[in-house]
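As structure tokens, one chain now follows by itself in the form predicted alone.
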């Protein structure tokens, strides 16, 4: 039997994969292109899953692309076919599923995303719990929320906090358990975290920071959790939201180098010829140093995917990856928060803060040699994309710093109207 072949093989179906496909087709409208994904759905964004959990959106309303998109561009879209193995010396990928098998490629992009981390808590294998990473996860959690009365969320990152809000709004008694000594520690400082925490406690949630779950046991229709200080919690709904990491078992014996993720250069190419990686499975250069980091956020995944697709297609307009700058926006109980840049304050940074206790508006900006390195705020209005560009372009803000801190939205857009050409 003749082995099936494709010029371009993209494995994955979220933002990095979709941007790569678009970039490839912009330069090469005819080359055979296959997209294979372990997901059984058409492409969707993980960022919309909280809306499925809350019931504000149905699973049919959150798709990034429909079947017609792939048909019109002569793209072979394969659902439910996970990557099992890669043999780069032969340019062969092994896919599972009923219609899987071996596929020979000329150019390969690994955009396989990441999966939830399930911590090795004693007894966790004996209880029912939810995670939230896929559309099926969101649908399942939506169904469970309707009957939940006592819910425990493990992890106070944005995924866990979104779910906790939906549970509280549905009338559940919600407890958030977080190992760090504050909420959202990867994005905000303590002042911002305190404002977020108050919004949750005002809506009946209980916050247990600085605590770990050391044991789980089944109890009726739920679970009993034992904390490291000896306290016990009962839950009829348990959500594990303790982070994600790539599943890279398919790299075994491939020669493709990986650390926490697949190591890539500034064109998203791996150490192996004709293989690229992008998105949540890729470990690329940080903007702040030459260290390679995981930067699992939507804007970065899209940028990496676009770069990889252009490189694969040989597009002469390719611009190399400038390095990752974290950017996260968060809406909660009618409020909003945004964080752009490195959440850790650099040594010798000049820090400017502004806080109005009456309105709950808070801004914190860090500068190094007059250049913005990070900014975050609660109930403060500024454009995250503009802030990221000011950081990436190393714009000297010293001449306007006082005005910038007072009105970051206005001054940021003024500056970019002059620079974004």
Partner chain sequence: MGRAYNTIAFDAAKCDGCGDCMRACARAKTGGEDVARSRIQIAAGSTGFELALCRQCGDPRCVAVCPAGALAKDGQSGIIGWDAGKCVDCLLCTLGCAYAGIALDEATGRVAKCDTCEGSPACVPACPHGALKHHTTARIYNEVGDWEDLFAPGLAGCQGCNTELLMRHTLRRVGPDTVLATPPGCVPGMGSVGYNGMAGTKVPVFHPLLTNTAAMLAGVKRQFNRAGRKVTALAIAGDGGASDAGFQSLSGAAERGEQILFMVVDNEGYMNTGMQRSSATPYGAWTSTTPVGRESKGKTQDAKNLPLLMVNHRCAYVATASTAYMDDLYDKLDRAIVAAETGFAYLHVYSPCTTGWRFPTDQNMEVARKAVETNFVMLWEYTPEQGLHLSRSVDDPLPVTDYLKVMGRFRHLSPEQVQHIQAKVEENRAFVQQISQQSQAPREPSRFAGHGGDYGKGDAPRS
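Quantities reported herein were computed from a predicted structural model and do not represent experimental measurements. Positions refer to the first chain, counted from 1.
Just so it is clear, the following notes concern the form predicted together with its partner chain, a form of the same protein that is not shown.
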Check, residue by residue, if 180, 289 and 346 all come within 4.5 Å of its partner chain in the predicted bound form, counting heavy atoms only.
no
Okay, which stretch from 186 to 194, 212 to 220, 244 to 252, 325 to 333 lines its partner chain in the predicted bound form, with non-hydrogen atoms inside 4.5 Å?
325 to 333
Give a yes or no for residue 383: in the predicted bound form, does one of its heavy atoms lie within 4.5 Å of a heavy atom belonging to its partner chain?
yes
Partner contact for residue 401 in the predicted bound form: its partner chain, 4.5 angstroms, heavy atom:
no
Distance check, residue 59 to its partner chain in the predicted bound form, heavy atom within 4.5 Å
no
So, residue 130 and its partner chain: in the predicted bound form, are they within 4.5 Å at any heavy atom pair?
no
In the predicted bound form, which of the listed residues (361, 27, 41, 371) lies with a heavy atom within 4.5 Å of its partner chain?
361
Contact with its partner chain in the predicted bound form, heavy atom within 4.5 Å, among 258, 85, 233, 302 goes to 302
Looking at its partner chain in the predicted bound form, which residues in 18 to 57 have at least one heavy atom within 4.5 Å of it?
19, 26, 45, 47, 48, 51, 56, 57
